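Quick setup: one chain, the form predicted alone, written in structure tokens, and binding and motion questions come after.
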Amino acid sequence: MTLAPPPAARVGDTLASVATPSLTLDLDAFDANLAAMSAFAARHGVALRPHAKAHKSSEIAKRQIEAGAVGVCCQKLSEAYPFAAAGIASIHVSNEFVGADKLAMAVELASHVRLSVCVDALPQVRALGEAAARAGVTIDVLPEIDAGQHRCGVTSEDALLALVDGIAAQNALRLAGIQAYHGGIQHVADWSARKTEAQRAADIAARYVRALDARGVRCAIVTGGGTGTVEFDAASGVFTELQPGSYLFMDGDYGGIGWSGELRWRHSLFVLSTVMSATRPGMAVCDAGLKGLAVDSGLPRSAHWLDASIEAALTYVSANDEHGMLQAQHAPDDDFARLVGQRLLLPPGHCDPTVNLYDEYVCYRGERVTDIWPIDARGLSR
């Protein structure tokens, strides 16, 4: 006998009948964010290559391509497989990798899609070039420069030029441009301070482009940036391609930073949760804890009742493995236990790791489930 739990939701269900915790997607807000970013990139004349590590879903990637994206980014090679299988023709692995198992994945992917990858050391270049030559494939390579994060990437023009020479020596590799990403500034809360830091990162990237120009090397692509700096990256005149990911969802952390008038994003991603206990005055317990949402960027900053007529205002104050603790923002109601069974929509603090906890998006418009999208790259972190 095969025994399996029933599905959390079916198309046509109301949100009130969806099993919890579930990862839900408000398609009206999602569509608005998708269209706004696509129009923004087109207006500024830059290519859009959204980062699929945020959503890990080939269904979403297809919609991004249909809206004008030139391809997607993945952070890990295994993560790229579902997108390649779904027909996404251009995939950029915006990360370095080493090892025979990774090389085998890279050359396999390159036989199905136009693959580009990052390097920041000559041994990576040599190993990749030899593997690609043996497999009879060509791989685009983008040396990564340290744009200020001090994580990966070369830190001198000489090191970049050495990589360029190393790539040129490999017949199966093709220099495509450079990768310049500063993740550390994406969440700087003050808009002006974030703009200053983004300009500093763009200036660093421009210096490396000039070094390539001086050697007669054309840098066709300067790719990088993220949701938090996309408006500055697009206006910099340096970046030719943008890599935002979280803009589709807008998690709690991004929702708490300053934005200009040109870009305004809507929360579309929520963990649907149920109040399962309320035995103490002014406190409620829901069924979304550490296994239901990521808290590395903080706890959910808001909690919205699915039933809009409920007036009790709660703050999510603590997460345990399977429990979320919610406290009344005002004087506790004598009949707080009446909230047991009521549903909450919780915007996660950080969308990427929250998405990685679920197998599917329960997509809805209004109060009705309209689609179920698999999160087919979930857990693929090699």
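Residue indices: 1-based, along the sequence shown. All of these numbers come straight from a predicted model, not from anything done at the bench.
There is another form of the same protein, the form predicted together with another copy of the chain; it is not shown, and what comes next is about it.
J.: Going by heavy atom distances of 4.5 angstroms or less, which of Ala168, Leu263, Ala235, Val98 would be at the interface with another copy of the chain in the model of the complex?
T.: Comparing distances to another copy of the chain in the model of the complex, the residue within 4.5 Å is Val98.
J.: Identify which of Lys291, His304, Arg301, Arg174 has a heavy atom within 4.5 Å of another copy of the chain in the model of the complex; exactly one of them does.
T.: None of the others qualify; the residue that does is Lys291.
J.: At 4.5 Å between heavy atoms, is Gln149 in contact with another copy of the chain in the model of the complex?
T.: Contact check for Gln149: yes, within 4.5 Å of another copy of the chain in the model of the complex.
J.: Using heavy atoms and a 4.5 Å limit, would one call Thr196 a contact residue for another copy of the chain in the model of the complex?
T.: Outside the cut-off, so no.
J.: Look up in the model of the complex whether Ser277 has a non-hydrogen atom within 4.5 angstroms of another copy of the chain, and give yes or no.
T.: Yes.
J.: Mark Lys62 yes when one of its heavy atoms lies within 4.5 Å of a heavy atom of another copy of the chain in the model of the complex, and no otherwise.
T.: Looking in the model of the complex, residue contacts with another copy of the chain do not include Lys62, since no heavy atom lies within 4.5 Å.
J.: Pick from 65-73, 321-329, 27-35, 42-50: which stretch has a heavy atom within 4.5 Å of another copy of the chain in the model of the complex?
T.: Contact-bearing stretch, as computed: 321-329.
J.: Does another copy of the chain come within 4.5 Å of a heavy atom in each of Ala206, Glu241 and Asp371 in the model of the complex?
T.: No residue of the spot touches another copy of the chain in the model of the complex.
J.: Would you mind checking 6-30 for residues with a heavy atom within 4.5 Å of another copy of the chain in the model of the complex?
T.: Those in contact are Pro6, Pro7, Ala8, Ala19, Thr20, Pro21, Ser22.
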